[in-house]
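Next comes just one chain, in structure tokens: the form predicted alone.
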């Protein structure tokens, strides 16, 4: 029993910290109970990861739940489910979304310049989000894309439906792996030239909302068609047949953004060359194409790695591990425990912004 106590303490500490962060009183009993439930759910995830040794399995449960909770809370009205079909030119401004901000960064910087110049203090919102992004990047880095992103659980969920996807062993050509970086650069430039969030308006299926589309009927229909094709293909169909996260791995500009800036984060996934048997299993199962047969020869994992834990769980030689830089320990502290603690805190805090509301909404519908 002694070995289980540290795991219980780990989960309990996560629960308490997330509970403190998300607490808002009992003015609404449903919401108060939902906040406690969410904190306990994140803490339980941490306990189960340490107890079973399966990182990715329980991370995926948390991650997928966050994505669908986000859809319940934020997207129900914007999808028109409440009957409000609203559109205006003003709503075509870039939303406060990490994907939109990465693909329209020059637009945001210009808007902040105008806000600072005119002393329009109320327009400084994106600037504060920039500081928040820096904090998240320093604490989580690229792992945001597999632990805390409130969209990423969508293609993750579909990629896990089939136990043996027919194209699981598909090897991505090396030149295609940098496609997200090309998309990011192209979208930044074209968005700035048009002063519009082009990725959101014409590419991102996650922006299928009745309030964010072009008010011109023909353009709106074209947008819906493009969104539907890209969404069905990259969020549903390809993840199903490949068992890979194709939207997050090959399309999302923020994935490329974090692949670059996330390198300032100290956490890494490292392959021990002495232990590695060169079996190639990690390259086959990596859901974001971050490991290839060529990279195993070094061995080196791409900066596109999301720290999802799939390769750590399934490496037969136990040659893959979380590290701080190249080291498995940070002083007396285990790098794996440090990473999991950081990842669960960030994921829990991000989810606390909307998951209690989503849980309370579902609970009211079920039990009233």
Partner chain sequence: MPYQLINLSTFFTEGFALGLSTGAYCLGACAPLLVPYMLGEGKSTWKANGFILMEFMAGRLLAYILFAVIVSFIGIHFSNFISPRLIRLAMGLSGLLMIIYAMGRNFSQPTLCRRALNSPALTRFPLILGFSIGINICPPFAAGMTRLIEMGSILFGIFYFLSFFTGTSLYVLPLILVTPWLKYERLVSAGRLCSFFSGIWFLVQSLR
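Residue numbers count along the first chain shown, from 1. What you see is a predicted model; the values in this text were computed from it and never measured.
Keep in mind that the form predicted in complex with the partner chain is missing from the display, and what follows is about it.
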Can you pick the one in 164, 274, 175, 117 that has a heavy atom within 4.5 Å of the partner chain in the predicted bound form?
175
Partner-free chain; cross-checking the partner chain in the predicted bound form, the single residue of 323, 314, 302, 342 with a heavy atom within 4.5 Å is 302
Contact flag, residue 285 vs the partner chain in the predicted bound form, heavy atom cut 4.5 Å
no
Within 4.5 Å, heavy atoms only: does residue 189 come near the partner chain in the predicted bound form?
yes
Give a yes or no for residue 260: in the predicted bound form, does one of its heavy atoms lie within 4.5 Å of a heavy atom belonging to the partner chain?
yes
With the partner left out of view, is residue 138 within 4.5 angstroms of the partner chain in the predicted bound form by any non-hydrogen atom?
no
Interface stretch in the predicted bound form with the partner chain - options 107-115, 193-201, 227-235, 139-147, non-hydrogen atom within 4.5 Å
193-201
